[in-house]
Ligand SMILES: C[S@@+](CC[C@H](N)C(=O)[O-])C[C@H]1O[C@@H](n2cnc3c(N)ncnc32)[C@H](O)[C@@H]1O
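Below you will find one chain, with nothing else, as structure tokens; this is the form predicted on its own, and questions on how it binds or moves follow later.
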């Protein structure tokens, strides 16, 4: 299990010792393989990006995403958007919940093409899934209620994205949350007076959650 830490946006993480890290990673990979076969998709493996402010593509284990979405208590009003969606894993997991829609936003055309191909073979979806190939700085956030990120880009892009989200929430008041995995730039979100850090997971020695995860919610009026 992941251990709660005092609510601070600071990035607090060191890798656990080799043996527990090896064992929990091996277990995660076995479970990931099971889910990939069950859903009929292939989302494993990382990839670089030619875009200067993009991070190396990666994602969390299936176990962690299920744990995140369970904690969010998703329902039919939610539109889940993964920024830097890559091959689509978080979107396919979100689509197994009774939500309104699951959307992946990916700037890199080859990764976007993989997610589209996966979508064509996906099984067991309970909600619509779609992918768009564009920058997160250009995406229209007006219908979004939950954003998922695994440190997809640098501070320049994140600041533009946050400005667009703020404008969207002023224009269209609603409940809104951000879940940030490997939250290296979490202080940029915490610095916004309209965002509140309300939960933080930090991996323990034997945790199957391999990176810190920070949970934010909007404090703007919803009506």
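Positions refer to the first chain, counted from 1. Computed from a predicted structure; not experimentally measured.
What follows is about the form predicted together with this ligand, which we do not show.
At a distance threshold of 4.5 angstroms between non-hydrogen atoms, residue 69 is out of contact with this ligand in the predicted complex.
Contact check for residue 49: a non-hydrogen atom falls within 4.5 Å of this ligand in the predicted complex. Of the heavy atoms in residue 55, some are within 4.5 Å of this ligand in the predicted complex. Although the partner is absent from this view, residue 65 contacts this ligand in the predicted complex, with a non-hydrogen atom inside 4.5 angstroms. Across the options 113 to 121, 72 to 80, 94 to 102, 135 to 143, residues that bring heavy atoms within 4.5 Å of this ligand in the predicted complex belong to 135 to 143. Scanning 88 to 105 for heavy atoms within 4.5 Å of this ligand in the predicted complex gives 89, 90, 105 in sequence order.
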